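There is one chain below, alone, in structure tokens, taken in the form predicted alone.
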Amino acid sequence: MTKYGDEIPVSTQLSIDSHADFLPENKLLLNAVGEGIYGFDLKGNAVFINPAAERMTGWKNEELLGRNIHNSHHHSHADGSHYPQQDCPIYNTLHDGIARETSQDVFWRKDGSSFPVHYTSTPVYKDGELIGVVAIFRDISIQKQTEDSLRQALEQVQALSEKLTNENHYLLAELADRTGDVGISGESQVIQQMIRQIKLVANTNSTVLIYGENGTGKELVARNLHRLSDRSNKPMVSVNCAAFSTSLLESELFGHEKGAFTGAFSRRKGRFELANNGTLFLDEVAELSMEAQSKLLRVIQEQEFERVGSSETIKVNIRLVAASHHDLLKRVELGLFRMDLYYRLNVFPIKVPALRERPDDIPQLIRHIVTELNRKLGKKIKGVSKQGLKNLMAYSWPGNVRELQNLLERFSILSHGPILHIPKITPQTTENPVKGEKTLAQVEAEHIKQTLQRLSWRISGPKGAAAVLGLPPSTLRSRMKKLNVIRGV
């Protein structure tokens, strides 16, 4: 008995070719169709091949009749790996009589090239007995190319969508706790000198190092540098280097691949990648570990990096702005900061003056801060009393502008009138403005509850409590939960 896959003699081929039980009567019709058609007997040998099949494969009728077609043009997968006969849908239909259809295979031409095909294998019965199989196929190269193009386009859209989502995440996080514009208040000589420096360097790509005491407004300077640059329509991404552990900071800066470490359940872009073509602000850069400093130095020099867990190099075009309240040169001398990185960052240094160095700016700062507090707290504060202003100007402000903002906010919450009466300021006053009265949390909870009651406990919307208080609805709900502000309580 001739086995499946064996060649058969020419005399047998002729008898198969004239097998009236298997071949359709209307050969002219089959020869005219555009799809390739093969007829197989139960031994898996070709008994019919139409002209379309010849054109697509390069194999002639007389070359394949009576031969095993699987070994001729279905012997391998698209990647060149062996395609066993027992896995072939046509072979399986020959044995179980079940029709099959697939678009996942390729056929191999006589010249050794291949093309993707969609084909069906249909059993042929006579008097209830399986006598063979007909395979109908067509070349789907153009369809596959179109699918690949659409898939690539979809991947690009998904990548852009991911980038926009990530950028929005960071931008919303940046804006969530900020109010007002990014203007710098002050007419003193030192602040005007700083503003001139900002304008000089803003529209360059030079790295800027902002230094000054805590609370002086170093991030405000960075935001102004970005706003005045030609990158202002691109994202400014900030990262507080002191807020992350050494292991997490690398992932935060450079991103990571899925599975790069425990808890990395998906790929994530880092801040450098998100800031591409924009500005990256590294706050408290002195807190970087020596290892992170080395990697940062490479990114500054080469403008390229790899995600954690990946060997793929990603090129970026960023403008770097760094800030620190430390004296970086002293940290270099102590061996805590790389000298080469220090000189890379210190291309254009900008010092933010302490508030005690510009006391004449305090009245203007108060006006600006009070305006923002009215919007945030829903108040109508007009200003500070004359004696209160004198008290404010007489204080040394070790916490600088941030300390001034915090104190004015506390007194605004406690105030029942349009004028803030502020006593002589001491460090204890800034911590507890009014002895023996309610805590700040109690006052805040009361103010939130009064606002909600006045607005029928509506939180969201243009006329909701969140808008009146100058807070995102999610932030207000979080504060309500923390302060135990509950309707009816």
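For every residue, the number given is its place in the sequence shown, counted from 1. These numbers were taken from a predicted model, which means no experiment stands behind them.
Only in words, not in the display: the form predicted together with a small molecule, which the text now covers.
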> If contact means any heavy atom within 4.5 Å, which of 93 to 101, 281 to 289, 133 to 141, 120 to 128 contacts the small molecule in the model of the complex?
Replying inline: 281 to 289
> Considering P89, G215, G378, G388, which brings a non-hydrogen atom within 4.5 Å of the small molecule in the model of the complex?
Replying inline: G215
>> Please tell me which of Q405, N276, S238, S412 lies within 4.5 Å of the small molecule in the model of the complex, judged by heavy atoms.
In response: Q405
>> Taking any heavy atom pair closer than or equal to 4.5 Å as contact, tell me whether S185 reaches the small molecule in the model of the complex.
In response: yes
> Looking at the partner-bound form in the model of the complex, is L365 within 4.5 Å of the small molecule by any heavy atom?
Replying inline: yes
>> So, L220 and the small molecule: in the model of the complex, are they within 4.5 Å at any heavy atom pair?
In response: yes
>> Given that the small molecule is not shown alongside this chain, does V401 nevertheless sit within 4.5 Å of it in the model of the complex, heavy atom to heavy atom?
In response: yes
>> R477 and N374: their C-alpha distance differs by 3 angstroms or more in the model of the complex. Do they come closer or move farther apart compared with the shown form?
In response: farther
